[in-house]
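Okay, so here's just one chain, in structure tokens, the form predicted alone.
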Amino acid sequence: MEDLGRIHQLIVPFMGRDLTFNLDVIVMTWIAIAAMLVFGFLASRNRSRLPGPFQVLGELFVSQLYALTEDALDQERGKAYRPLICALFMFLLFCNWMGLFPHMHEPTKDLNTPLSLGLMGFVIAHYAGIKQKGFKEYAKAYFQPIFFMAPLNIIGELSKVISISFRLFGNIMGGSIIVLVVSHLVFSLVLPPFLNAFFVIFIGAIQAFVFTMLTLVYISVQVN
């Protein structure tokens, strides 16, 4: 239980201020990226008409996510965002599943990770909207249905970043706390391994999918 609030930090003085870096999150994030690269290499090498297990998984991820992207946008515009949606889902999935392994934890358990991904999706969605509609038409949407609704519409758009980020953070952190508390209550007997598998595998996959689909929906709303 004492490990719950323990954070390994790197503090770097910069222009009279201290920049604080969470070393655990940085290391785990790079491990997740490395795992994605290894998976991509194994899935794409020696491709054949009788695929191996890695090729099957890779083709399943890519084909399904590409299809969902084209359904939300259209076939032409979907081509630009298919790699983003696929990479985002796989990155979150690998991050969320890292809690299965000893001495490793999910980077998404730190708010900075889902918040930065939420901001990334926000910026991409609004950039796509401006590019598709032009700035004048894009800005006009904030004054609908009446011009003095603009502040509420702007707050509504900004709240999407908070909503999508805290949903992912809360579910992953909440699952970790539940597993940790129950493990101490029952002395890590039978129940905690099943709880850990449920929260890490099932809830982790669901939350990765939900975050990715919400990002796709935000992009779709801006460009359509």
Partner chain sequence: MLNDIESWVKVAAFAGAGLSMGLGAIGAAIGEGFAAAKANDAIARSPDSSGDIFKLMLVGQAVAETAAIFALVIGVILLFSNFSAAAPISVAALLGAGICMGFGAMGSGVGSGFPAGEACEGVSRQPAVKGNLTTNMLIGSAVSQTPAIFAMVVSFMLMFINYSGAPLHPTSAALLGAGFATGLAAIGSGLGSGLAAGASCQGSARQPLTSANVTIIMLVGQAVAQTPSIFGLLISFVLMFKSYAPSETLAASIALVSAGLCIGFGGIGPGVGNGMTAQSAVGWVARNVRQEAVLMRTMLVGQAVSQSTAIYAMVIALALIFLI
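Numbering follows the first chain given and starts at 1. None of these values were measured; they are calculated from a predicted model.
Omitted from view is the form predicted in complex with the partner chain, to which the following refers.
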- prompt: Gly52, Gly174, Pro193, Gly40: which sits within 4.5 Å of the partner chain in the predicted bound form by any heavy atom?
  reply: Gly174
- request: Identify which of Ala34, Leu185, Ala197, Val62 has a heavy atom within 4.5 Å of the partner chain in the predicted bound form; exactly one of them does.
  value: Leu185
message: Quick one: Ser159, Ser163 and Val210 and the partner chain in the predicted bound form, is every residue within 4.5 Å by at least one heavy atom?
response: yes
field: Touches the partner chain in the predicted bound form: Ile203 (any heavy atom, 4.5 Å)
entry: yes
task: Indicate whether the partner chain has at least one heavy atom within 4.5 Å of a heavy atom of Leu214 in the predicted bound form.
output: yes
Exercise: Asp71 in contact with the partner chain in the predicted bound form, heavy atom 4.5 Å: yes
message: Residue-level contact is defined here as any heavy atom of the residue lying within 4.5 Å of the partner chain in the predicted bound form; does Ile26 satisfy this criterion?
response: no
- line: Answer among 163-171, 54-62, 41-49, 26-34 for heavy atoms within 4.5 Å of the partner chain in the predicted bound form: the stretch 163-171
